[in-house]
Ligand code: OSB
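Read the single chain below, which is given as structure tokens and is the form predicted alone.
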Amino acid sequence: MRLERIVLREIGLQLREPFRISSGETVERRILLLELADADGAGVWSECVAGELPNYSAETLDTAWLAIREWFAPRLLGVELADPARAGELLARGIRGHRMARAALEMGLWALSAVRAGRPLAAVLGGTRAAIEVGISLGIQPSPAALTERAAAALAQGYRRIKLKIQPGSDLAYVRAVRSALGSSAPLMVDANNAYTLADTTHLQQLDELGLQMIEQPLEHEDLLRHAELQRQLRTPLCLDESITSLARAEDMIALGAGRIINIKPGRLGGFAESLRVHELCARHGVPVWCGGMLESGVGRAYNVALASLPNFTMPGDISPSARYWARDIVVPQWTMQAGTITVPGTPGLGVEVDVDYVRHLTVRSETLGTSRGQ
């Protein structure tokens, strides 16, 4: 395939309610969408998961826009590619970082290859599941009672795993309240988004008594050594998210014992090719993986659903239905949940169609790269 045109679009989607984690709160999601078209007329949409602020990673929507326009698009436009995995190598050569920008293009090319082949994206990736289990991520709430109410509602709705965001001052009492209310069998985990240090070890050890599936990313995002020390002090498995930015980092985690579970976000890893390598590494070492979310629209969710259909994604991911976050999503049909699962599309490409008129209505800026450029 030969990519002929890339259209960048920024849209704004209002969340149903604010989503708060230890590093900040999101009320409206600025989203970067890409339209990719090849020389034969095939086209597909993709999404860059970078946020508005550099509080999850160093990347933002604006840095990604610049990186795609100035460095990455020129490497792909007009180039014959027999394999979408080749695109990742081409984009990474000589350029450090900007993984989310790279992933938006690389993952889009995987989807484009699926469209051209008339196959579902999940099948192209090697997926084996017809449906995936769904978890929910609950942001930091104003009180233990408020969090308990939200968690109980999620369990009643059928979610297979409930993630509770925590931070110092909003942790032990909150999680204890939820555990007490929901019972010992409720599938709970917590996510700290780097909010603690090793000085909090004794405090975090108290989470061991609560029967959690995992504690996600408690320490600094680049620190594997201290995560290894903390894991030795805890019975509860640590799951690493922000720390795992490459296959090498996953190898280091396993070698150091810095965690026992990995949250695979393809945007964080630079695309599908590296995500598949991490998936296979973890399968060989008996390390379970699951697919995290980045408040994606239905477009980004399609890519996550396809990836989560692979065999070693053995834990429910943060891939909630459209109505969890958006009053109106930008895809048709919208993503829905049945009995705690989402169906993996069996139709070619992403399995959903973009509501183009609605996207145009939401667009605040656009730029075309390729045979012609416009603003």
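Note that this is a predicted model, so its numbers are computed, not measured. The numbering used is simple: start at 1 and walk along the sequence shown.
In what follows, reference is made to the form predicted together with the named molecule, a form of this protein that is not presented.
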{"property": "Contacting member of Asp318, Asp329, Glu59, Asp38, with respect to the named molecule in the predicted bound form [4.5 Å, heavy atom]", "result": "Asp318"}
{"property": "Residue (of Pro120, Gly293, Pro187, Gly127) lying close to the named molecule in the predicted bound form, criterion heavy atoms within 4.5 Å", "result": "Gly293"}
{"property": "Stretch in contact in the predicted bound form with the named molecule, which is absent here, among 71-79, 163-171, 101-109, 221-229 (heavy atoms within 4.5 Å)", "result": "163-171"}
{"property": "Non-hydrogen atom contact Glu274 with the named molecule in the predicted bound form at 4.5 angstroms", "result": "no"}
{"property": "is_contact(Asn263, the named molecule) in the predicted bound form, heavy atom dist at most 4.5 Å", "result": "yes"}
{"property": "4.5 Å heavy atom contact, Ser137 and the named molecule in the predicted bound form", "result": "yes"}
{"property": "4.5 Å heavy atom contact, Trp65 and the named molecule in the predicted bound form", "result": "no"}
{"property": "Site check Glu47, Tyr303 and Tyr358: each within 4.5 Å of the named molecule in the predicted bound form by heavy atom", "result": "no"}
{"property": "Residues in 193-232 with any heavy atom within 4.5 Å of the named molecule in the predicted bound form", "result": "Asn193, Glu216"}
